[in-house]
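The chain below stands alone and is given as structure tokens, in the form predicted alone.
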Amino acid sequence: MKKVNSLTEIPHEILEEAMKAGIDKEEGRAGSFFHIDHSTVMSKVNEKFEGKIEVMDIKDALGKYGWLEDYRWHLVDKNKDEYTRAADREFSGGYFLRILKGAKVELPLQSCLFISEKGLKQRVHNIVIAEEGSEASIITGCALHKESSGEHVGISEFFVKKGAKLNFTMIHNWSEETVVRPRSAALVDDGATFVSNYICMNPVKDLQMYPKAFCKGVGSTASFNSIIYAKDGSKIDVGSAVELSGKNSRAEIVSRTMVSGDSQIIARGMLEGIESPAKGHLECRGLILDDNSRIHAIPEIIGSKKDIELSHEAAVGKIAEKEITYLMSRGLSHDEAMSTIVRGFMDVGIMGLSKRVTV
């Protein structure tokens, strides 16, 4: 597909699926990036934020900035596994998002990585830099044409510099025939904050990811939040890890998972305290809706210094019958009561998301 100047020029059937993954109208975003199969078709900054952010194809950015090569593969090991090696060998692009020093970006940036061809193997590498003292949020939607299938490998490296605040939300809208392998890591500097939100509500054949944040800065903070519904035979192995190596660093990992329809979820989480003082909490809650599905929660805590406070809690169960009975006594049907409880459990109230992103 040729390059376009507006999202409205993207075929309706593609844009419709992208909107289900959080992509919204350009005027409500600080910048927009759209990548289909192996090509970037759009990278645009809202004129209100010119001079505050950069939105570019990663290949163009590497050509423009020689120093960017020092960031690529700095946090993710290219030899980590067969998927990282494939992403290095068959690099097909990706996005470069940069929030400039001191910029306060009120509207979210957005990016979409889309598969339109059946059986396509997409290999992208994304780099995000939040320069010193900047503040921004990013919404990334990963999706495919409803009649397509394929394999997506996405390498993402985040650099959150001194005093910066970055809120990153990734929404997956795949299919029962898609294999997905994100490989992500973040470096968080002095007084900086990195928040990562992940949402997956639709079936996926096989998803595996384990993003990690390195809180190396003094007073650095990292937070991972995930909302996942595995259904229709989905196999999902997800987790998050935070390494607390900066004094007074903090971390939180919270996951909400739900399974039905012969699906399975492995929910991992790891907090490692290397320097003290440091604090961290890990919470995993799962809801099982039938007798043919499975949730396996694996929380890990590692401490190697005194004055480290790390805690975790995990719970897996079913919807309590008394909750259903109570809601039915208030006039709801059984199905309406179930839906209300599920929606409360799988809350997607994250800033800037389209109303199309629902359970």
Partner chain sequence: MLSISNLKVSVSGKEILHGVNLEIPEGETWTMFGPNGSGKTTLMMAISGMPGYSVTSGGITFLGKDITKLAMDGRAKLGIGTGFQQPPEITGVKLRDMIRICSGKGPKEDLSKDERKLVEKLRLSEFLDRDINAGFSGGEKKRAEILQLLFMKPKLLLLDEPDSGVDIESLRLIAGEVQNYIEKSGASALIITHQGEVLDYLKSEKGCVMVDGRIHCIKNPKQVLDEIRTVGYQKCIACHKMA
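Residue numbers count along the first chain shown, from 1. Predicted model, so just to flag it, every value in this text is computed and none were measured.
This next part talks about the form predicted in complex with its partner chain, which is not shown.
**Q** Just to confirm, Y326 within 4.5 Å of its partner chain in the model of the complex by heavy atoms?
**A** Y326: contacts its partner chain in the model of the complex.
**Q** For G51, is any heavy atom within 4.5 Å of its partner chain in the model of the complex, or not?
**A** No, G51 is distant from the partner.
**Q** Could you confirm whether G331 comes within 4.5 Å of its partner chain in the model of the complex, counting heavy atoms only?
**A** Yes.
**Q** Would you classify I341 as touching its partner chain in the model of the complex, given a 4.5 Å non-hydrogen atom cut-off?
**A** Yes, I341 lies within 4.5 Å of its partner chain in the model of the complex.
**Q** Considering K165, K121, R256, R250, which brings a non-hydrogen atom within 4.5 Å of its partner chain in the model of the complex?
**A** Exactly one residue meets the criterion: R256.
**Q** Tell me, which of K231, K212, R285, H145 has a heavy atom within 4.5 angstroms of its partner chain in the model of the complex?
**A** Contact check passes for R285.
**Q** With its partner chain left out here, work out from 296 to 304, 315 to 323, 60 to 68, 25 to 33 which stretch has heavy atoms within 4.5 Å of it in the model of the complex.
**A** Only one stretch qualifies here: 315 to 323.
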